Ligand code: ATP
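Let's start with one chain on its own, the form predicted alone, as C-alpha cells.
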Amino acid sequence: MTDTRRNDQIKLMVLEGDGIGPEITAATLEVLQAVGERFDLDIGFTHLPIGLEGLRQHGTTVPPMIVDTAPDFDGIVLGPVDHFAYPPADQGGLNPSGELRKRLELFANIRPALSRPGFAPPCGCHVDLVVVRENTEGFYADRAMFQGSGEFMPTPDIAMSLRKITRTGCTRIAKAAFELALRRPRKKVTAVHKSNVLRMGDGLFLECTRAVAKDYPSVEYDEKLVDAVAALLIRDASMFDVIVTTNMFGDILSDQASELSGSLGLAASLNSGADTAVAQAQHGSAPDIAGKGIANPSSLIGSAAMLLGWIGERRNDPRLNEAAAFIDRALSAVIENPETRTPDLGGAIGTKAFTGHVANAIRTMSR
C-alpha cells in the first residue's frame, strides 16, 4: 500500500559495519543531513551494532533487535561488513548481508553502473545500465536450505553445492526489472542465463521472465548467455539497459559493470523487498585502509540516495525523489573535479574532505 504521508520523520536504522564502515557511514549521514536541510526533510538516525561490534556487545554479528525492529524504520543504511573475520556461525559469526536479505525478504538487489562526467570509464564508452539481481536464492549456500547449508562434503575429497531456483523468486525479480525499465528512457530488459547448461534452473528462470515480459509490451526484451554478456560488457557496455539475472551471475556481472563504468568505489546498491530496503555499498570493508581516513564514501552515499528514492515512491513524496537525484548530481560534480577526488580515483583528499565537498555542493547547487 502506498504511504502518502509527506511530513512524517524519515526513520533510518544505521548499521556502521566493519573496517571502513564507520568512516563511510559517518560520511553518508553527513550528506543525508545536508540534503535534509536543503529539502526540508526530517531524517532521524538510530544506531545499532552489527558485525564485530554486535559480536562484542551481544555475542552475535546480527543481534536479534535489528531484524525485530526493522519494520519500525523506513529504511536501513548498512556499512560494509568483514564476514571473513567472523567466527563460525554457531559461535555468533553470521553474515549480516545474507541474514538481512533472507530474514527481511530483500529479494531485489538493484545495482546501477553509471559513467560520471569528467571521469573516463575504462571501457571507453558511456555506461548507463542497471543490474537487477535476485537476492534470496541461487548458488549461495546460506540461501538454499530451510535448515543446514547448501554446501556439503560427502567425503573429504568431494564438495557439493546446491542451487535453489523458485518460480516465486524468478517471477518477482523479473517484475522488479520490468517495472524499473518502464522508468528509464530506453525501456529494455535483458535476461542473462546459462540455460544451455543449467537447463532446469535457468530454464525456469527464463520461463518466468518470458511470462512477465508479456505484461510489459512497451519494454523491449531479449535474452543472452552469461558468458556472452561478460564479453559484450567489455566490448560495448552501452548496448545494455536493465539486466535481470539470478543471484551469482548478478553479483559477478554487477561488479564487472561497475568497474567498467569507472570504479567499484562509485557503485551504489539497494537491497529491496516489499516492505523494507537496505542501502549498502557494493564493495567490501577494506580493512587494509580502515582508520586511515582515505576511504571513498561515494558508493554508500549513492546507495543512501537510492534509499531516499525508494522511500519517496512509497510515500508518494516527490521531494525525496528530487533529493535523491540531487545527491547524485552533487557526487558527479565533486568527482568530475580531479582536485576533489579520493586516492582510489587518482586524487589526494581524504574521506572527510571529500564528504565536505559533496555536502557543500548540495547546499549551493541550484535546484
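A quick note: this is a predicted structure, and the numbers were derived from the prediction, not measured. Note that residue numbering begins at 1 and tracks the sequence as displayed.
Keep in mind that the form predicted in complex with the ligand is missing from the display, and what follows is about it.
Within 4.5 Å of any heavy atom of the ligand in the predicted complex lies no heavy atom of residue 280.
Residue 208 falls outside the set of residues with a heavy atom inside 4.5 Å of the ligand in the predicted complex. Contact between residue 273 and the ligand in the predicted complex is not found at the 4.5 Å heavy atom cutoff. In the predicted complex, at least one heavy atom of residue 286 sits within 4.5 Å of a heavy atom of the ligand.
Shown alone, this chain has one stretch from 175-183, 286-294, 101-109, 70-78 that lies within 4.5 Å of the ligand in the predicted complex by heavy atoms: 286-294.
Of the residues 93, 265, 150, 121, just one reaches the ligand in the predicted complex with a heavy atom at 4.5 Å or closer; this is 265. Using a 4.5 Å cut-off on any heavy atom, the one residue of 324-359 that reaches the ligand in the predicted complex is 344.
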